[in-house]
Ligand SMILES: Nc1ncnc2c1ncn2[C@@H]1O[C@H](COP(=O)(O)OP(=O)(O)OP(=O)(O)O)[C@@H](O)[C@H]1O
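One chain follows as structure tokens, the form predicted alone.
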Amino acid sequence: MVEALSQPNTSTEDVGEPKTEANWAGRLKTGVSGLDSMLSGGIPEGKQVLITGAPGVGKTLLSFQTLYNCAKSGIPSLYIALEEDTHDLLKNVQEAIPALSDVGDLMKTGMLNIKGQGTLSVFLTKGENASSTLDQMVSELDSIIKTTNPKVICIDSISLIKLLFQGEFEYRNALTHLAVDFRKSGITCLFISEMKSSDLSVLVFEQEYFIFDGIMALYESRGEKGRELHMEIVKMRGTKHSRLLAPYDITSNGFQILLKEV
């Protein structure tokens, strides 16, 4: 892959850098309302970022909207959905966020590429051993990247990758291999993972989370008025960032961090 790629803290104090133009240089701007401000301008380019949370908190929507916004701004983007076919992914995203109405146009121009379930055949057949499985996965990703030449990628989700490997060591080694290759290439990559519990009070970060440059965690809790959603930037190497436990909402216009409510 290297050859192909070569071309909780609940503080209410925002410790981000002053928002000058200089801070925004070398950043991948997500375009998500409130998030770039929390990141002091965006995700530092070339970083490998984990977006984690329990089912239903909006991990796919946040990631997809980020790649959509990148594509709209002229940054070639690649979304790899390992557990959902392209048609279903688009249907679900556009039902949740109707404002993303021109996804088809971005796909036609090649600015946004979406590879659905079954794109990587390694997930359809069981490899003989961890080494051959990893080699096949890297080779197939390599081929896709050569043809799409993205600057930002999302892999949804690494939970399926875990099923390919029999032991924790093999799984962690595979993730490390992928993260290192993407990091060397300068490609910014978002990895989605499932969190065992959305309850912040019992949160346990998995050992493999520490491989990544950044972690953005999405939480769900029950409040007096029903379900409450919050996000936290647990870490982001290469930049100062907000340490707010910030509420968010998902509206017809997209994912929105509600900083004014903090």
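Here the structure is a predicted model, which is why all the values come from computation and not from measurement. Numbering starts at 1 and follows the sequence shown.
Another form exists, predicted together with the ligand; not displayed. Remarks below refer to it.
The ligand in the predicted bound form comes within 4.5 Å of no heavy atom belonging to G41. A residue is said to contact a partner when one of its heavy atoms sits within 4.5 Å of a partner heavy atom; E206 fails this definition for the ligand in the predicted bound form, lying far away. Taking the partner from elsewhere, M236 is found to have every heavy atom lying beyond 4.5 Å of the ligand in the predicted bound form. In the predicted bound form, the ligand lies within 4.5 Å of some heavy atom of A96. Contact with the ligand in the predicted bound form, judged by any heavy atom within 4.5 Å, is made by just one of I211, V32, I215, V57: V57. This chain is displayed without the ligand, yet in the predicted bound form the stretch 88 to 96 from 106 to 114, 133 to 141, 169 to 177, 88 to 96 comes within 4.5 Å of it by heavy atoms. Every member of the trio L61, R227 and I250 reaches the ligand in the predicted bound form with some non-hydrogen atom inside 4.5 Å.
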